[in-house]
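Quick heads-up: it's one chain on its own, the form predicted on its own, in structure tokens.
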């Protein structure tokens, strides 16, 4: 998959590396801004099985 992306990016190696970095940062931004907040209520991190005594 990464090879396919690398071959289809325009430019030389430096330009491809810069575009790849921008793509990775965009994916991380989308994950933290939209995907993780949406999925957080669905995860069982706040389900506590121990009672406070």
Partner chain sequence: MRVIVRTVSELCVTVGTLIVLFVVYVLFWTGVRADRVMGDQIDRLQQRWSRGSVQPEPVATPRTYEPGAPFAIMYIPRLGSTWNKPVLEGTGTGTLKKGLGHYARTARLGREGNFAVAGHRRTYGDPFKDFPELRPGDAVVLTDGTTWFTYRIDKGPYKTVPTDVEVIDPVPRKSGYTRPGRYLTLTTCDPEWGHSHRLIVWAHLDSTQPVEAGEPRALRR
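Predicted, not measured: the structure shown is a model, and the values here were computed from it. Positions refer to the first chain, counted from 1.
What follows is about the form predicted in complex with the partner chain, which we do not show.
Close approach of residue 18 to the partner chain in the predicted bound form, 4.5 Å, heavy atom:
No - in the predicted bound form, heavy atoms of residue 18 and the partner chain never come within 4.5 Å of each other.
Find out whether any non-hydrogen atom of residue 37 is located within 4.5 angstroms of the partner chain in the predicted bound form, and reply yes or no.
The answer is yes: residue 37 has a heavy atom within 4.5 Å of the partner chain.
Answer yes if any heavy atom of residue 26 is within 4.5 Å of a heavy atom of the partner chain in the predicted bound form; otherwise answer no.
Taking the distances in the predicted bound form, the answer for residue 26 is no, it never comes within 4.5 Å of the partner chain.
Residue 9: heavy atom within 4.5 Å of the partner chain in the predicted bound form?
Close contact is absent here: in the predicted bound form, residue 9 is far from the partner chain, nothing within 4.5 Å, heavy atoms only.
Heavy atoms within 4.5 Å of the partner chain in the predicted bound form is the criterion; list the residues of 1-30 that meet it.
Heavy-atom contacts to the partner chain in the predicted bound form: 1, 2, 3, 28.
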